[in-house]
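The chain that follows stands alone, in the form predicted on its own, written as structure tokens.
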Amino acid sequence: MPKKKKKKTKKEKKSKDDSPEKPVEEEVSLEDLPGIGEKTAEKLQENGFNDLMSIAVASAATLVEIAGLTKTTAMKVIREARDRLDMGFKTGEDFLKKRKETGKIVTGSEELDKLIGGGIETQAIFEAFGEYGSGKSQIGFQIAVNAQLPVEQGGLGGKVVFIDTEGTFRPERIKQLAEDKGLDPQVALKNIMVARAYTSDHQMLLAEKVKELAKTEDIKLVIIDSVMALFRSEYTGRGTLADRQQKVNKHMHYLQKIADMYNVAIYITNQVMARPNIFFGNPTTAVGGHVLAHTSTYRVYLRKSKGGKRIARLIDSPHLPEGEAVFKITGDGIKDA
């Protein structure tokens, strides 16, 4: 007598039919987690915990304080969120496949692109620091336009978010650069969502709103010009340094999470300060200390040169050697010198 075929369970069917394209955290509401009801979910969402990832990376103490959960329940909720997200180990081959999904936005200068590995990369934070007028914002304007170009032209065919902390955004410049690239200036401006940040807390809130935008809009690039200006003006004196660095660390890790989850490129500009104890070599260093240095994936130092040229020096990268590239800023944008 032939054996009956074993009927597949609901769980087995689900695991076979699950599509890897849609992130798990988008499919599950917070109320599906054990110990979280409607009111608790509302409290969590009010404090920025909108998905499984935010719960999975939170501490039990944070959930106890915000949602009024017991420590045991909080730990259970976090453990469940981590299980559903499959936050275990992956092979190097898996990571190589993910690396192939990354996109790059060209800067307009082939020499500069060559220095940074082909362009501004998605799933990474690219920091450009230098003195006033070194070209940090101009690169930002250029890639805000270039990101809208088709992939075959060095873009990503997507939209841009520009968080302006110093009042530097100029729509006139965007129009000028768009015309040079053959884009409709009005369409190019519509594809850039600009917000002016007035405090460091406001800046961090706008970064959180980027995550909401990325769910409905095809965001490919986030620009913050400049990332440390507001933190630097609000936190003065050595006594406030620890608090400032803690906030900066949280802000940077949130940006990296957006980059990873939505395959977005993050471009931040940064100021410099003088180091009076340096007698030989360059006495300037980037603001933000070790926290910013460690959380930025790529770091490029920009400085002025003769004849309107700019020199970019790659300071840090996970896989590229240090080096320099020369470029110039023209009326039509970033070009090779």
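Not measured: the values here are computed from a predicted model. One-based numbering along the sequence shown.
Not pictured, yet referred to below: the form predicted together with a small molecule.
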Of the residues G157, G117, P171, G133, which one places a heavy atom within 4.5 Å of the small molecule in the model of the complex? G133
Counting any non-hydrogen atom inside 4.5 Å, which residue from Q138, Q123, S109, S200 sits next to the small molecule in the model of the complex? Q138
Answer range among 190-198, 75-83, 125-133, 157-165 for contact with the small molecule, defined in the model of the complex as heavy atoms within 4.5 Å: 125-133
Contact label in the model of the complex: R299 to the small molecule, heavy atom within 4.5 Å: no
Contact flag, I329 vs the small molecule in the model of the complex, heavy atom cut 4.5 Å: yes
Wondering, does Q176 line up within 4.5 Å of the small molecule in the model of the complex on heavy atoms? yes
